[in-house]
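A lone chain, given as structure tokens: the form predicted alone.
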């Protein structure tokens, strides 16, 4: 399949030229999209909602050994493009990483907890200039350190070196810009001469399955990488964001994972139980009492799967066209979570509907309402990043 060829480093071209008073680009994501779907609003930002349906596809995978034994290439035998059925947009729920994903990059992206932010489009960002950006950000951090910015990161450091690189193989469509990985290295002051530099901070910017109408509407010279994740000292996160804002005239903002998105993740991950044992479905709720009551609700994975399949039964018995699409819609997600809450109420007489869902975790990953995410299984990385990319686009200011 043509889309499964080796991805290349690219900054998606855009031929639309728009006159503007300044470089800052603040076009609303809402203005590029059609009628709203049935999912809840994003408060106070846009009238656009999350997609009400997502597609659940079974994948057939061929693994081919690479000349490097530590690298396996995955070919996914499914159509990676969006499909529309009866007016709804469907996304494949299960993607596998495509060919030539650097195993070191992959090892870093999984098993690490990332704090998320949204990023407005970058002006004059070029994937071909990453070495220059590495030098510039290194010089910027050194200058800030000279001016007295506290740089204590796991002890005294003699200096910092920055590395920008492309994570090839994560882009799901031709409209998506390649993911950019940023790593900051440092050598402790009293390190041995032959001691290698140690990574003290990591971050990335990505766009996975970004809305094509919005991406194509961007003026020439803008690159959309709306989802940012950082892991490491907060002072370095702040410096990286500051440099991006000055260099590419963009804005960062915190990206919380709201109640609805956490429910989506609980359902999407449970749907994968037969292919990757969940081991547990753990949810943390906060009830509005004084003092606040935190409830940790852990569900046996087989029980969660059986409840999910009972919710899915009606969908699977519908018309052949919808069955083949294998979509998951918001009504199923709500019914699944409501079933879990009803079960909890029968045993403990506590109504979780009165509280807020703050955290969801399985062996596939964990997500917190504060905007922290950990993806523990690379097979489901694309699915999770697709949802988070959509959340980041929705959170952008109008």
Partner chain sequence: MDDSARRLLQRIMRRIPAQMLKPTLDKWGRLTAAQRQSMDFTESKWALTEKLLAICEENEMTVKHITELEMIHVIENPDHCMWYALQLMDPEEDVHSVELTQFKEQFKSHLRELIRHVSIKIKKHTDEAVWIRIAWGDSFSRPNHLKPTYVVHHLQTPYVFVTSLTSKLKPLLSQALVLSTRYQAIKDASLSGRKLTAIRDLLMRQYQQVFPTKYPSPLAENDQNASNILINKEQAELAASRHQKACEAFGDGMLPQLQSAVYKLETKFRDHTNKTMTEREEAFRCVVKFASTNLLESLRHCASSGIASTPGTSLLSSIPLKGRNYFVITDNSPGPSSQTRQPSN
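Small disclaimer: the values here were computed from a predicted structure and weren't measured. Numbering follows the first chain given and starts at 1.
Below: the form predicted in complex with its partner chain, not depicted.
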query	finding
Contact test in the predicted bound form: residue 170 vs its partner chain, heavy atoms, 4.5 Å	no
Contact of residue 126 with its partner chain in the predicted bound form (heavy atom, 4.5 Å)	no
Distance check, residue 146 to its partner chain in the predicted bound form, heavy atom within 4.5 Å	no
is_contact(residue 292, its partner chain) in the predicted bound form, heavy atom dist at most 4.5 Å	yes
Among 237-245, 305-313, 257-265, 113-121, the region lying within 4.5 Å of its partner chain in the predicted bound form by heavy atom distance	305-313
Listed residue (299, 208, 166, 109) with a non-hydrogen atom within 4.5 angstroms of its partner chain in the predicted bound form	299
Within 4.5 Å of its partner chain in the predicted bound form: residues from 330-369 (heavy atom criterion)	335, 339, 340, 342, 343, 344, 345, 346, 347, 348, 349, 350, 351, 354
